[in-house]
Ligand SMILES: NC(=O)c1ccc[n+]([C@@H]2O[C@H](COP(=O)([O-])OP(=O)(O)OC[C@H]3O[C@@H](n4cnc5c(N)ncnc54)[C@H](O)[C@@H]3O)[C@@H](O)[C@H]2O)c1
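Just one chain is shown here, as structure tokens, and it is the form predicted on its own.
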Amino acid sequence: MAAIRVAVIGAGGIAAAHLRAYAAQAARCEIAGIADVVEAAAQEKAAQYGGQAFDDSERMLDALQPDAVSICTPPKFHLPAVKAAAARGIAVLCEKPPARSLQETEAIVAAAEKYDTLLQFAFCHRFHPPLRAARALIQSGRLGQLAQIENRFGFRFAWAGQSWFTEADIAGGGILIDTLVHSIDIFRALTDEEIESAQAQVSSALPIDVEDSASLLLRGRGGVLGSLNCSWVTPVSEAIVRIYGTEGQALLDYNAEPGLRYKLAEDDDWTERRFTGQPDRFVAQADSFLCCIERGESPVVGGEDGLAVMRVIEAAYESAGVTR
């Protein structure tokens, strides 16, 4: 088939990851255009990755009529962007969080269903090679019955208070909705369970209006427990997933090699898995999105996954006593 023509709405930091991922697959897709309300930002990205620059996304969609679009705007603008693309029959890869609220996410999914348009949410960790390997290890039964999953994403956010990420009206909240959406989806991906209970606590050490640290306890319908933690104020960066089963355990460390280590009950030593040379999660995510377009397949992370995660986000904020 002809090369898939892709456009990107939003030219901030995450847009660069999408554009790089599409550029890595130039044989099957073409970057047609980039739109941002700050036209200079769109022009900068277009100069690097190709395509035409626009300061209006709907004007870009009408002018270029792309086959697919990545929506890389702040969450406040996801819903109108998805509606505009879906109404034109354009396949959508929408960044996380799906929206600022469950209600907005429901409207996004409804728009895609109304126009029978492909919708994939950008929960990129689903495509992280060590996480995929960990999921396969769990499904093989070698870890036994899953008991607990722990996850921590922590770092120091240097631009807190100077970025839309800490503006509730734009982002929908703080680190809970920005980062724990990934953690919730990781839990769902590893357990293949829907979440029946979610209880959160949040705090702020910074002079901002949203939470900068959050902890979330989960229980899956099959009984697996989750302990998910994230922070913008801890200087030592950590990105770790620990998986505990009745016959072994596994450790994913995003900041180290090997990417995956596991030890079974009968093992004397840890087994290490390295993933050097494999496409990173953004390239793999773009590949999956393009495959759905080429083959008419359903996405790995579709509308129902976005809704499931946002239901947990809503429950987490409610349990923490946060009114949004």
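In case it trips you up, residue 1 is the first one in the sequence shown, and so on. Just so it is clear, the structure is predicted and the values come from calculations on it, not from any experiment.
What follows is about the form predicted together with the named molecule, which we do not show.
K.L.:
So, H78, F165 and H182: all three within 4.5 Å of the named molecule in the predicted complex by heavy atoms, or not?
P.N.:
The answer is yes: all three residues contact the partner (heavy atom, 4.5 Å cut-off).
K.L.:
Is the gap between R188 and the named molecule in the predicted complex 4.5 Å or less for some heavy atom pair?
P.N.:
The answer is no: R188 has no heavy atom within 4.5 Å of the named molecule.
K.L.:
Using 4.5 Å between non-hydrogen atoms, is A26 touching the named molecule in the predicted complex?
P.N.:
Result no; A26 lies far from the named molecule in the predicted complex.
K.L.:
With a 4.5 Å heavy atom cut-off, would you call L93 a contact of the named molecule in the predicted complex?
P.N.:
Outside the cut-off, so no.
K.L.:
So in the predicted complex, does any heavy atom of P74 sit within 4.5 Å of the named molecule?
P.N.:
Residue-level check for P74: yes, a contact with the named molecule.
K.L.:
With the named molecule left out here, work out from 145 to 153, 247 to 255, 174 to 182, 108 to 116 which stretch has heavy atoms within 4.5 Å of it in the predicted complex.
P.N.:
Checking each option against the 4.5 Å cut-off leaves 174 to 182.
K.L.:
With the named molecule left out of view, choose which of A316, A15, A21, M310 has a non-hydrogen atom within 4.5 angstroms of it in the predicted complex.
P.N.:
Among A316, A15, A21, M310, a heavy atom within 4.5 Å of the named molecule in the predicted complex occurs only for A15.
K.L.:
Looking at C124, V82, A214, V241 here, can you tell me which has any non-hydrogen atom within 4.5 angstroms of the named molecule in the predicted complex?
P.N.:
That would be C124.
K.L.:
Scan 263 to 283 and write down, in order along the chain, each residue with a heavy atom lying within 4.5 Å of the named molecule in the predicted complex.
P.N.:
Only a single residue, F282, comes within 4.5 Å of the partner.
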